[in-house]
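Here you get one chain, nothing else, as structure tokens; it is the form predicted on its own.
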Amino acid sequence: MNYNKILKSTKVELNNLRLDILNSDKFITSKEEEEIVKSIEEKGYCVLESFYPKEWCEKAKNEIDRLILAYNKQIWKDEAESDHRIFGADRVSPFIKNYYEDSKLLSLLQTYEGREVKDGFTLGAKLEAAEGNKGSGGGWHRDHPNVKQSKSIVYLTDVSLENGPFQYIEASHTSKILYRDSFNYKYDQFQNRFTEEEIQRLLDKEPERLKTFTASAGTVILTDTRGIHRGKPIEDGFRYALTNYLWMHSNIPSHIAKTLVG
């Protein structure tokens, strides 16, 4: 057992709790916003249907195609050449920047975290069906075992079970459930990546916790990706999406910052 890791993790968790208490009433929200934030707190996600119109989604989709061509040498691709990612799409597209700056989405996630955005960017992504692909994000993972990671995801195309929908293990973002699950299902409480076998052990006992987000274009998913999640391996067609990555505690980590286009 790594006691240094446990001590460090406990200090981080206590500091998170302290900040949450201090900032719990910092942002004034409507009743609707309070319900949305409550859903993220309890489940790790909230779905906003028809948040953007189809016409807006089509324009954003076309922007992703344009940027893939314009910045072809800078975009990230997985080994199967299924997942195409434009890190910092908001910095090279005024249209996509409007999504990053959407005041309602920012307000909701700032309210969830109880503090203002310090740094962030928009990821523009095109996912294509390809043999051997592991899905968006390269399989089951959590972004950080100790710190909230707020994101807003908007589907730009209709997404069925075959089109690589976002998947999430409900409530896996909370400290209590994180430690409980690691004990019950025999994985390290500090690990970020998970095998299919590790996730299946959990789902064999609690299958209802697997949430698969099939939805129409324009749907927004607000989520804390401290929880375990992935893009389901895509079996057919393609999926376009924009994802806002937001940091409230720090600047963009250096290993991510160096991937930004422009």
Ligand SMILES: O=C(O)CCC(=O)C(=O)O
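Numbers follow the displayed sequence, beginning with 1. Everything numeric in this text was worked out from a predicted model, so none of it was measured.
One more form of this protein exists, namely the form predicted together with the ligand; it is left out here, but the text below deals with it.
Although the partner is absent from this view, Arg230 contacts the ligand in the predicted bound form, with a non-hydrogen atom inside 4.5 angstroms. Ser82 falls outside the set of residues with a heavy atom inside 4.5 Å of the ligand in the predicted bound form. Heavy atoms of Asp143 reach within 4.5 Å of the ligand in the predicted bound form, making it an interface residue.
Using a 4.5 Å cutoff between non-hydrogen atoms, Ser136 counts as a contact of the ligand in the predicted bound form. Screening 143-151, 97-105, 169-177, 182-190 for residues having heavy atoms within 4.5 Å of the ligand in the predicted bound form returns a single hit, 143-151.
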